[in-house]
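Quick heads-up: it's one chain on its own, the form predicted alone, in C-alpha cells.
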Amino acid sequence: MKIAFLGLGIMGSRMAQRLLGEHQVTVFNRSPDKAAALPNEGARLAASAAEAVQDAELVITMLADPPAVRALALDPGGFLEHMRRGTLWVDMSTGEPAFSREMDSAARRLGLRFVDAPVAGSRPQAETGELTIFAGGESGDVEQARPVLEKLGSPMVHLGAAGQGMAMKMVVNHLLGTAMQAFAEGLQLGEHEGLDQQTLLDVLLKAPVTAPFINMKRTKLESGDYDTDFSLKWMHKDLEMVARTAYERATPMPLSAAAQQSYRLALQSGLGEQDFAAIYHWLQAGPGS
C-alpha cells in the first residue's frame, strides 16, 4: 500500500519506521532534519505535505497538536486538497473530540474519509509496535486502516463515530497526568517522613494502589535522568485539552485542573523537554525554583 506519513517526532518517526518494507512509505516533516534517517531505510522523502499525499492510498498524521494538524491540512496549499477523492486520512495525533469531528467534516466536504486514531503509549511502545490505538470513524474506514494500524499497535479499539477515539484518549491523558502527579507527591511525602526512596519504590510499585505504567518510570525517578519517552510539555498540553473538553461538556474535573497547574509551573521552571516523570524533580526542588 502507498502510505503518506506526516509528522516524524519522537513517536511518528518510530511509527513510520515500522511500516517500511511492507508498504511504500512517503514521509514529510516540517523540520527536515527529523526526516533525514528514514530515506536510508527505504522511505521516500517528500518536499511538502502536498507532494507526500498526491498518490497515497492512506494518509497518516502524527503531529504535535490540533493547530499543527489544522495548519498542515487546511491552510492554503494544505494537504487535504491534494489528496485523491475517496482517500482515507487517519489522524493519530492527540487532539480533542470536537477537533476530530471538525476534521471529519472538512475531509468529507472534499470527498475524503476520516478516522481519528490517537494512541496510548510512548517511545518504547512506538518502537516495538505495542501502542494501544483508540479509533473513531465509520466501521468500513476503520477496518480498511486496521491492517496498517495493527503494525503500530494492539489492541486497536473501535469506539464509535469520529471523535470517540479522541474522547477515550482524553480519559487516558487525565489518568496518566494525575497518576504521575499523585505518585510523585506520595514519594516525596514518604521521603520527608524519613522513609528511604528505594524502600518506597519497592513497596509502592508492587502495591495495587499504583498505576502499572509508573513501573516504567522507576529508573528515571531513582537516577534523576529524565530522558524523554513522553515530554512534560506534551503532558501539560494534553491536560489543557482535557480541561477544554471538560468545559465543553460541563464536566467538573478539579483533580485534573490541579495537575495541569503543577505541570504548567514545572514547564515554566524549564523541565518541558524532559519526561513528564520529572514532575517529581519539580516537587523536590520546590515550586518556586
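Start at 1 and count along the sequence shown; that's the residue number. These figures come from a predicted structure and were not determined experimentally.
There is also a form predicted together with a small molecule; it is not shown, and the following applies to it.
- With the partner omitted from this view, the residue of Val142, Leu112, Leu72, Ala167 that lies near the small molecule in the model of the complex is Leu72 [heavy atom within 4.5 Å].
- Of the residues given (Arg218, Arg84, Arg146, Arg123), Arg123 alone sits with a heavy atom within 4.5 Å of the small molecule in the model of the complex.
- The stretch in contact with the small molecule in the model of the complex, judged by heavy atoms within 4.5 Å, is 59-67, chosen from 59-67, 258-266, 38-46, 244-252.
- Within this chain, Ile10 lines the site of the small molecule in the model of the complex, having a heavy atom no more than 4.5 Å away.
- Contact check for Thr26: every heavy atom lies farther than 4.5 Å from the small molecule in the model of the complex.
- Although the partner is absent from this view, Thr94 contacts the small molecule in the model of the complex, with a non-hydrogen atom inside 4.5 angstroms.
- Using a 4.5 angstroms threshold between heavy atoms, Ser31 counts as touching the small molecule in the model of the complex.
- At a distance of at most 4.5 angstroms from the small molecule in the model of the complex, none of the three residues Phe213, Ala277 and Tyr280 contributes a non-hydrogen atom.
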